[in-house]
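Consider the single chain below, provided in structure tokens and representing the form predicted alone.
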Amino acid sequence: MKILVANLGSTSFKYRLYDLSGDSERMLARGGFERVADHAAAIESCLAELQTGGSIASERDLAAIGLKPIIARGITGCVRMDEPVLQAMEAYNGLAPAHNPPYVNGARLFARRLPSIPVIGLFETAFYQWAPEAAMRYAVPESWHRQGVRRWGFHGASHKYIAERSAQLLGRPDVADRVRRLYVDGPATPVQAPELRVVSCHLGGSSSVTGIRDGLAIGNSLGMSPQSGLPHNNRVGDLDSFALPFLMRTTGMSLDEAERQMCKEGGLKGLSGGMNDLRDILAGIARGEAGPRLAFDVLVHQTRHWIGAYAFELDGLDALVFTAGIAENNPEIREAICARLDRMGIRIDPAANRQAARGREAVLSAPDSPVRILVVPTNEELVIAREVKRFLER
């Protein structure tokens, strides 16, 4: 079963082609295009590359197109991207202006170009369907809640991958099986005692922390929109709800301009004085610059804040997992996040941390650390391909 997974941005198109046959999982091809002005042309180029490279003989070899949509009104999980679903996404375009429109457009283009091939999406909110209500509610009027003002949680495909893979690495196949079957069976799949308690830190261009008990998310640092939670590369993250009306009233700033600045000029870029790449921030720190140091320290502080919150809620940890570009590739930030946490049982091995190879799984914890500290490269596209296959099979 060959499944094409497409990752769509406003000016980008990336793809991976998987062959999931029986228990075999193979990535047959990958590629992408930047500065995309016409996504229809990008789809044509993708299909041409796959045929030229021999990954498919024709478009009929594709069982499905898999997408990673962000959020839709009243819809989550793994669903066929038909017109009612796309309209539900459009209703929430204002919550994810950089994400929803490209996926809506891409889904329609794929359906038009390949009408006999199903387009299936795994929503980023899906992993949080079973999180406790108290963790997902804001203290707003009920009428606001009915309009969708609540915590949704995102990076679901990444954190689901970490939930399953960390369970395997920690010798808990029962928990890994629950995660694997979650969107088919729900959380009913039983697991053995004791509880498996994991905190997953997805730190990249956008970042979030999730607490996971026995393979189920208990919450995520991202809230109603991808704007929330930790500081991201350009996006502010958490902000007092009165900051925006205060700024607009005192400066005369328009809502559109405030939104633009929160999405384009905030986060690491706003803190550092213009840098949104951690490599540049680390170089600035090496030069003794205050802005990059502040950006680094705020990201570390906020990450530790959420780790602590979930470790407390979970009554301790079995594993702390680092994933995504920043966390996988930068020993400096992993060491800073784990510093002075010995009494919580989090003891990093500095040598193992520095020597961890990029793109490889690694154990970073000291031999006497009660909590395992892991680097696990995430694979969101594989999660999507797996769930698309399960969707087709059922």
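The structure presented is a predicted model; accordingly, all values stated were derived computationally and were not measured. Quick note: we count residues from 1 along the sequence shown, nothing fancier.
In what follows, reference is made to the form predicted in complex with a small molecule, a form of this protein that is not presented.
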Are any of the heavy atoms in Asp174 no more than 4.5 Å from a heavy atom of the small molecule in the predicted complex? no
So, in the predicted complex, is Ile326 in contact with the small molecule at a 4.5 angstroms heavy atom limit? yes
Determine whether any heavy atom of Ala126 comes within 4.5 Å of a heavy atom of the small molecule in the predicted complex, and answer yes or no. no
In the predicted complex, is there a heavy atom of the small molecule that lies within 4.5 Å of any heavy atom of Gln227, even though the partner is absent here? no
With the small molecule left out here, work out from 302-310, 116-124, 244-252, 205-213 which stretch has heavy atoms within 4.5 Å of it in the predicted complex. 205-213
Quick one: of Met89, Ala217, Leu182, Leu278, which gets a non-hydrogen atom within 4.5 angstroms of the small molecule in the predicted complex? Leu278
Which of these residues, Ser45, Ser55, Asn330, Ser365, gets a heavy atom within 4.5 Å of the small molecule in the predicted complex? Asn330
